[in-house]
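This document starts with one chain, in the form predicted on its own, laid out as C-alpha cells.
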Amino acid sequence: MSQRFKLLEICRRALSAFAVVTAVVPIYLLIKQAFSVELDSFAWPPRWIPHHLTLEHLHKVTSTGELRESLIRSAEVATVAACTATLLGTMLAYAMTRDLRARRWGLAALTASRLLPMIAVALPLATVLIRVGLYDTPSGLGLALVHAAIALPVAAILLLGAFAKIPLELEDAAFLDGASQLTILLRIYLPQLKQALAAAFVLSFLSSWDEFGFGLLLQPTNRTLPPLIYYYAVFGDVGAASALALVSTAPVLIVLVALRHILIRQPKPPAF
C-alpha cells in the first residue's frame, strides 16, 4: 500500500511540474521575445537564451500615442463591461434564486447565448451599433456593452451559486424585524457576496480585456489592445507585438492585486 501511495505521489508531482512548466514557458518566451534583437528572434535553430538584449521594442510601443490610446480604451471598455456584467448578473442571480420559473428560463437563456458562434452575431451587432451611433467610437461604449453581454452568463452563474448558499430565512426574518430591502441588501447579502462579486468582476474584466474577435470587428480604427497586438504580429514586427503583450499584462495584475484581499477573505456571518 505504501508503494502505491508513493507512486501516486510521484505522479501528482510530475503532473504539477508539467502544469508549472506549461504555464511558465510561454511567459518566458514572451519576455525573451520582447527584449531580444531581431537576429535572435528569427535565429535557427531557436535560441532559448538571447545573445543580445535590447529595449528597442519596448521603447517603440511605449513611445507611440496609439498604444496609450489603446491601453486607456481597453481599460475603460473592460471596466464598464465588468461593472455592467456584475450588476446585471447580481440581479439575474437573485431572481433565479428566489423563483423556480425564473431559474429555468434564466439558465436556458444563458446557455443559449453561449452556444451562438461569434460570427453569427457579430455582423448583426455591427449593424445595430452603426444605427445607434456606437460603432467604432473613441470611447468603445458599444464594444463594452457587447463584452458585458458576453461576460453576463459567467457572472450570473457564479453569483447564482453564492446566492443559493444564503438561507431565505435570513431575508424573511429581516423583513419581520422591519428591515428595508436596501438594508437587507447591504447588511445581509453584500457581506456574504464580496468574494463572489469580486470573482465575477475579475472574470468579466479578463474576458473583456483579452477579447479579440468583437474588438477587431467593432473597433476597426479605434482599436483595443488585442487587435493592436494582432496588427503588429501580422506585419512581421514580432518583437513589438511581444513587448505590447507584455505591457498589456500590467492592468490585469493591478486588478488582481487590488482585489486579492477580497478574493481570499472568508465570509462573515451577517449582523443584524
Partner chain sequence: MAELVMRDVSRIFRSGRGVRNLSLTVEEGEFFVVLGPSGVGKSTLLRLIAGLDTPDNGEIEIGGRSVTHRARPDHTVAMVFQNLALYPHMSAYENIAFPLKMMGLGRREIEERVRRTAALAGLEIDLNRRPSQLSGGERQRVALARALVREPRLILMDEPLSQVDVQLRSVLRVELKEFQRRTRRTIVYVTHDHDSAFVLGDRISVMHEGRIAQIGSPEEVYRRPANLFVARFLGHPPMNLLRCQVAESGRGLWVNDVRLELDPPDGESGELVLGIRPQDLSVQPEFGAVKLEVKVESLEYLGARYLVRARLGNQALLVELPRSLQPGQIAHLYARADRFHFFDATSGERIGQTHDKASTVTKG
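Residue numbers count along the first chain shown, from 1. Small disclaimer: the values here were computed from a predicted structure and weren't measured.
We do not show the form predicted together with the partner chain, though everything after this point is about it.
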Inset, instruction - Please check if T183 has a heavy atom lying within 4.5 Å of any heavy atom of the partner chain in the predicted bound form. - result: yes
Inset, instruction - Find out whether any non-hydrogen atom of A174 is located within 4.5 angstroms of the partner chain in the predicted bound form, and reply yes or no. - result: yes
Legend entry - Interface membership of I188, the partner chain in the predicted bound form, 4.5 Å heavy atom rule: yes
Inset, instruction - May I ask you to state whether A179 is within 4.5 Å of the partner chain in the predicted bound form, using heavy atom distances? - result: yes
Inset, instruction - Taking only heavy atoms into account, state which residues of 120-159 are within 4.5 Å of the partner chain in the predicted bound form, ordered by sequence. - result: none
